[in-house]
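Quick setup: one chain, the form predicted alone, written in structure tokens, and binding and motion questions come after.
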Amino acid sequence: MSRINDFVVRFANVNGTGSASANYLFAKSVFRMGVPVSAKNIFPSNIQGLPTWYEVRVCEKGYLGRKEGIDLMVSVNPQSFKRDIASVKTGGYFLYDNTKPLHEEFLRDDIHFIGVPLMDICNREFTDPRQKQLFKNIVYVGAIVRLLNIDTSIIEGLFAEQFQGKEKLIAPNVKALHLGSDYVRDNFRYPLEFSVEVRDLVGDSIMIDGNSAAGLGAVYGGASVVSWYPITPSTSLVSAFEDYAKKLRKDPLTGKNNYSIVQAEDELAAIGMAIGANWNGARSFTATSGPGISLMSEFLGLAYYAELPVVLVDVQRSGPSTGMPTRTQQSDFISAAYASHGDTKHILLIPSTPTECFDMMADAFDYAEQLQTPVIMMSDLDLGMNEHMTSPFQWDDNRKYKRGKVLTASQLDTLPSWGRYRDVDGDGIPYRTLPGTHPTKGSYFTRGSSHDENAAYSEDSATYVRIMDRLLKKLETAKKILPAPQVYQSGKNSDHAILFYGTSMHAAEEALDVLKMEGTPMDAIRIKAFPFSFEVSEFIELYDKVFVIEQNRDAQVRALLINELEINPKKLVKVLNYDGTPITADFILKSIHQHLIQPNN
């Protein structure tokens, strides 16, 4: 049976061979045909030589989560042949380089094999050794373009964009593309029973990775200083900020940069510099991953207790320790929420799309200054480093930054007295000053040690309790301004519901649709921020059981829900994926079905 715009292609390559750009050409061509597409790059943490995979889901229904089961495997890496062949669905296809014959141990009777002599073709048509390797990737793109009924002119148009200013590279790439396409034309029946047809289903969507979106959001959010220490998978976020700042943060009169980027000697120094810049009045941030959160904890505690704004992006990866640096997880939530020793609690923002990365990053600077506390945006490798189809970014040019309670020189002159940590308005948020605001007024000690309302050193127990209680009150105020959860609810549909967050959204939304089609509809809620708002506890209270979908082993957000909202643990059912690959709707459905059949397991 013919399937149009509904299949999964996986490319199996060797890391460092230039395959990623070729594979992205395929994903981008489907997007240009107006068909929703989702791409996942699964790569090793070494520089080159190990297997890497690039997975593309084509889905006319618009589901963007990863899907289990491979319809077409394009494998040019003998190291992974056995694994790659095993992953193909019954009835699926395995396209490989048959310059050398495939060993009989790899053969399966229930799948189709498509042999294309990629290396022979490149050896015959090209002379440069590097070109032979690079163009082998383009030859297999040409082969699948023919197999899936994609117009080669779309790829040719992408070449023109990619090599703008390097036009001499266009012709050999077009040649390689047609070599693959022509080989399939002359040797195989095509298209396959699944193929691509032009649609108009992507609207004005764009394709961009979350790190680039967050970097641009930082520019629009007013950031002018970034201090950082390189770590996968957050490094590209700072690189993106730099690229955008070069264009958007130059003084129009002098041409000088209106931003500063400092590479620190380690993560502790990076967060310290960012805090110092914010204390001095600049909007500053840093970006890191799990190991960096561990190292930054001491300074995060200082910023929390001394009430200094700072923005931090945690692009999460698989831990613990070094773990799997190039695999995705949602495993830093407890360490980020309670970073530092003692009673410390931080604000977390949880985006699910690049558009939310842009919006939340820009908003994070407002939240940090309004609340005078660290704000941590919890992205992950899947969101940060993979290209996603997402809504175009919106910005109001009349928007004013919310700097919070910052006293001016004239305000200080009118005040009979002022104390840095006094709660004048009853919302837990004191007033602050910036260095140099007034020649004689507004100065204070920024202390990490115990202090009173006037910033004076104090070890008085009652005073300490007052300050700590006020910090909690500030978090109650935060709940009113942080992003509200998204509720998927049209009345109470069942006794069970689903709770999820971050990049689990796409798979969870697809699972919800399947459950509805199966006749077991469930309501759901997507959390966007911590501390949790009243809506979260109110939603959970409605149901006998709530499936909490997470991409970590220890059910970290479930633990936060139990700890913060005092929810009965038996009410919250774990659905946990932590193998380093993005969660799928298939996995969620299997877990839910198993619980519904055997509720005590």
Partner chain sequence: MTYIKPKFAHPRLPKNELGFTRKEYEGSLSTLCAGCGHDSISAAIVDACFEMNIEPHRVAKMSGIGCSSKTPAYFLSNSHGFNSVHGRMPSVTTGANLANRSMIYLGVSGDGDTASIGMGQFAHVVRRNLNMTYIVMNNGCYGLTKGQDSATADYGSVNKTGNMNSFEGIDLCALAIELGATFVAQSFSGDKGQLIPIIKAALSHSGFALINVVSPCVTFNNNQGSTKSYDYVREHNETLSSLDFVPVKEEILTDYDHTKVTMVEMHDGSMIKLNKLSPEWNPEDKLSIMTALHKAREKHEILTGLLYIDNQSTELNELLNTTSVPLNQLTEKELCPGSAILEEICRGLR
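Fair warning: this is a prediction, and the values are worked out from it, not measured in the lab. Residue numbers count along the first chain shown, from 1.
Here the subject shifts to the form predicted in complex with the partner chain, a form of this protein not shown in this document.
Just one of 483, 115, 157, 230 comes within 4.5 Å of the partner chain in the model of the complex, counting any heavy atom, and that one is 230. Among the residues 222, 521, 404, 191, the one placing a heavy atom within 4.5 Å of the partner chain in the model of the complex is 222. The candidate spot formed by 18, 187 and 211 is out of contact with the partner chain in the model of the complex: none of the three has a heavy atom within 4.5 Å. Contact check for residue 547: every heavy atom lies farther than 4.5 Å from the partner chain in the model of the complex.
Of the heavy atoms in residue 543, none are within 4.5 Å of the partner chain in the model of the complex. Although the partner is absent from this view, residue 397 contacts the partner chain in the model of the complex, with a non-hydrogen atom inside 4.5 angstroms. With a 4.5 Å cutoff on heavy atoms, residue 92 does not count as touching the partner chain in the model of the complex; it lies far away. From the list 101-109, 298-306, 483-491, 141-149, the contact stretch for the partner chain in the model of the complex under a 4.5 Å heavy atom rule is 298-306. Residues are counted as partner-facing when one of their heavy atoms sits within 4.5 Å of the partner chain in the model of the complex; in 348-377 only 358 qualifies.
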